[in-house]
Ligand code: SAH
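Given as structure tokens, the chain that follows is alone and in the form predicted alone.
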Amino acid sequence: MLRFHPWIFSGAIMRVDGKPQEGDLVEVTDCAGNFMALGHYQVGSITVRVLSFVQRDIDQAFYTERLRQAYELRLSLGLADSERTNAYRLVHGEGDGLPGLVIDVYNGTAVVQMHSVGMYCDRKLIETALLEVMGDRLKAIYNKSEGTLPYKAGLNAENLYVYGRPESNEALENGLRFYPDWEKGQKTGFFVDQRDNRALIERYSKGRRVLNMFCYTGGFSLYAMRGGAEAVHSVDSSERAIELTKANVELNFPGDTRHAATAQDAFRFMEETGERFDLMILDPPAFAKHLNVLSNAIKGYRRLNTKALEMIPSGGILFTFSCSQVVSKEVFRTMVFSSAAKAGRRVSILHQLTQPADHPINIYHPEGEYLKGLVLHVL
């Protein structure tokens, strides 16, 4: 029975007719020759990324239709035409029927990342569709695919503006201002997937001393400060991240002495700090991107969470996350359970968190649910 999963793995393919090149559009049939799907061919365990389960042309009209559907969803979510938020994800790969493509929008600048050769080959169609769908709301398109494409494909892709120039490098999220660094920063420049979870931080911050570990550009710190935190300390191993955090804090809270920032390894900071924090945020980078390193990643998560649970005072709140796709919700929760047991703390789950609605999950593609989070009350 057809399960509509958008990936076709190499082990499921009986034979390949002809000699398709990586990025080519190919047709998938069953053993009797009946049509099943159309998709981009690629080298590796995922051999085909499916674009359509019905026969149709994969042309300009196709991309315009898919992008229009994605844009209308963001409009309905109050993101694409909002006075308080102009940073959002426009295309979330398989969740929007465009596997291998990610597009984030920051105040009229669309930052495009292709993760497959097929999408890169269709980049002109995608750029034209973006302009048609967004119209004068689109000020610039920046293709940031140099680091996301298969390096063996030999595409020599460069990060560059393919349309216009940004009017401003400042964006808004729930009324807070920040500088997304899409040219040199991680991913597309800002982690828009934590928007809703950052807003929840604001509700818990009043009167608390907050530690934001792996702060990157300080998103959680800004919400904690607006929420009335007594003090906020941002920590990241990257000097550049700390510079961005300080700039974002100054943009929103000029001269506010409640904020401090430290460029230091997370584990070392937690071992050496003599400060006490009763609201802690653990949002580390993906410790595991592949199943073959899952065991080591879980050890890293467990060590991190155990240390946080040991140092947080009674009555404290811990926000803890994993953005590793290969770490399931069940594995993550079990890891937190073992960390709590090792720390010998009484812990209750207040919230179970995930990615926001502009990062939709294709129901046939559970792998798209990558962000997991728990809010814990610790006694």
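Residue positions are given as counts along the sequence shown, with the first one as 1. Because the structure is predicted, anything quoted here is derived from the model rather than measured.
Omitted from view is the form predicted in complex with the ligand, to which the following refers.
Look at 246-254, 101-109, 86-94, 190-198: in the predicted bound form, residues with non-hydrogen atoms within 4.5 angstroms of the ligand sit in 190-198. The shortest heavy atom separation between residue 284 and the ligand in the predicted bound form is within 4.5 Å.
Taking the partner from the other structure, the ligand in the predicted bound form has no heavy atom within 4.5 Å of any heavy atom of residue 301. Interface residue remark: residue 217 is counted as part of the site for the ligand in the predicted bound form, having a heavy atom within 4.5 Å. In the predicted bound form, at least one heavy atom of residue 265 sits within 4.5 Å of a heavy atom of the ligand. Proximity to the ligand in the predicted bound form, taken as a non-hydrogen atom within 4.5 angstroms, holds for one residue of 186, 128, 159, 168, which is 186. When the ligand is considered in the predicted bound form, only one residue from 273, 82, 174, 238 comes within 4.5 Å through any heavy atom, namely 238.
Shown without its partner, the chain has no residue in segment 156-173 with a non-hydrogen atom within 4.5 angstroms of the ligand in the predicted bound form.
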